[in-house]
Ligand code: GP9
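First, one chain by itself: the form predicted on its own, in structure tokens.
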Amino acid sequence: MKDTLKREYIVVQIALMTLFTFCKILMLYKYTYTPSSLVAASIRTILILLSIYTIINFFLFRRVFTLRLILPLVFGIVVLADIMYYKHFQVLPSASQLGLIDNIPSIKSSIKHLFDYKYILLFLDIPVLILHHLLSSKQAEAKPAKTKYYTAAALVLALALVLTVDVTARDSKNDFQIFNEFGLVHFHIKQFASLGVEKKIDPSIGESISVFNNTSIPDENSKYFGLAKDKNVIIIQIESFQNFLINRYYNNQELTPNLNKLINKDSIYFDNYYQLTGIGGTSDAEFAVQNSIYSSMEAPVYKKYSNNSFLSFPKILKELGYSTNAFHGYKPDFWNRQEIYPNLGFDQFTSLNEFDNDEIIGWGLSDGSFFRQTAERLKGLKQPFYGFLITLTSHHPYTMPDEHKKIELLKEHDGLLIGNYLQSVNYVDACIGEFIELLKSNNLYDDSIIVLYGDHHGINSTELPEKKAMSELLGYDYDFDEMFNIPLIIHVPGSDIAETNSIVGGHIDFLPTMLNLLGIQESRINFFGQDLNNAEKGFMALQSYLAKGSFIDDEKFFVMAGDGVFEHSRAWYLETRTPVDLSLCRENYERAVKAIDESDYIMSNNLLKKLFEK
């Protein structure tokens, strides 16, 4: 009788663990997307779970119940991380991103915002398993008989495990195929199996790359060529700043009066400019801007390629006699900035450690204090100089002290993320206005070109109730095109230009656009971007938050399906927001994939090093 109870106890434990873990995975599918082969993926998932839990319960930790709880707990944590990551980034995390775990303390406020208390259900199996153990374990203390039967069952399930993992598929199938055919468990097994293994890049990609002999060098006939020649260059990368804020009135209040004023005189404003970030978020925006190369979805570029050779914006300016300086009111080691900035060509990096920390808001130094102290430091620099400024206060989740809240929110937005966001960006705009006045009083304004752009979006188009609130604010559905749309403002004092350029572009186009304005004819490298003031058509490949192959051009926005099947994708016209026939997107889809692959090939093989060796 005791032997029977022992067998029943173990069998019930295995069944409970398998059932609960499978339910966790089904819960994940509700937030992400369901595998296209759901039945096959479910059968394979159940088999692999049965295999794992049978081995654990019968062999590895049969005598120690607490150790048998570890794996169900780990599965719960993994699914929770998957759900929260997907909610924010619209892709599942890869095992390679474990290297970013040291960033968690810095983003704990954002994690708290993404957390939903119903996620506690992911750990419901733990008390159920404990309760079952307490009720059954006393009767189940006898040594189990007929071990050979259990051994045979475990071997059968282990065989099922091997068959479902399909080891050969690790190289022959991509992540989308693994997820769609095998499900979440196999997806993560593949991810962990590939840890430490260098990603294979098709060498034939290199045959189509033209890294050298640039054929699109600006000249005196180019529009705005040399408009800002020999001027100081001041770049302001604004944290989480979206384009819908420009010229926007909210509850009869102007959200960005200083930027609006800047646009109206001596400025070129690009209103169809889009973010280009990778796993590294803000740092990847910096990278694309400084180098006109696509960032990576494998790991933050600043960490993965910190030892690469670059022909970056600060290096080009440095060759022309500019002093090059970066300023940021946060820790110098975050995103590995202190290591890669010298390699990018920056002479000096002023971080939180060097500033007077007289006012801390959110992540670090307040933008008000940051701009005041940076203006003073710029005044002491040898001219011409390059000053690259990265703001911080408007970082998710946009918490602001009451004394800096100037916007009277609508009742329905008070307490929502969008309400906090509007308060923070209005504050940043005021700080920028003060900074412009400091440049004038320090006699730097007239001799400088001042460029401002957003690094990435602030409000996610996939999160409720933010999506609903944004759709109501805009008057139409808030989708990826609005979410990714950031402003680019190029302000050249004394130029008498007041132009809005609606060509589609993004971070990748920043460097060639700036070189033309500064009258710099760079012929050593073909950039992935183009000079937006002289380009005929706009185009940009997208990769963060979307599957590779997504793109935006002057007419349409294409979102490659998350399951990797082209026919499951969606696209719409930017002007009418009506659907686009997917057959019209095939050519630019392939162009986008090619651009990302070529960029990965250049970075992985450090091809720019050959340029300097020449």
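Everything numeric here is computed off the predicted structure, so don't read it as measured data. From 1 onward, residues are counted along the sequence shown.
As for the form predicted in complex with this ligand, it is not shown, yet the points below apply to it.
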>> Looking at heavy atoms inside 4.5 Å, which stretch does this ligand contact in the predicted complex, given the options 427 to 435, 259 to 267, 402 to 410, 454 to 462?
In response: 454 to 462
> Which one, Met483, Leu392, Leu122, Ile178, lies within 4.5 Å of this ligand in the predicted complex by heavy atoms?
Replying inline: Leu392
> Since exactly one of Ser366, Asn232, Thr324, Thr282 fits, which has a heavy atom within 4.5 Å of this ligand in the predicted complex?
Replying inline: Thr282
> Taking heavy atoms only, is Phe371 within 4.5 angstroms of this ligand in the predicted complex?
Replying inline: no
>> Please determine whether Tyr330 contacts this ligand in the predicted complex, using a 4.5 Å cut-off between heavy atoms.
In response: yes
> So in the predicted complex, does any heavy atom of Trp335 sit within 4.5 Å of this ligand?
Replying inline: yes
> Using heavy atoms and a 4.5 Å limit, would one call Asp531 a contact residue for this ligand in the predicted complex?
Replying inline: no
>> Can you list, in sequence order, the residues from 223 to 249 that come within 4.5 Å of this ligand in the predicted complex, counting heavy atoms only?
In response: Glu239
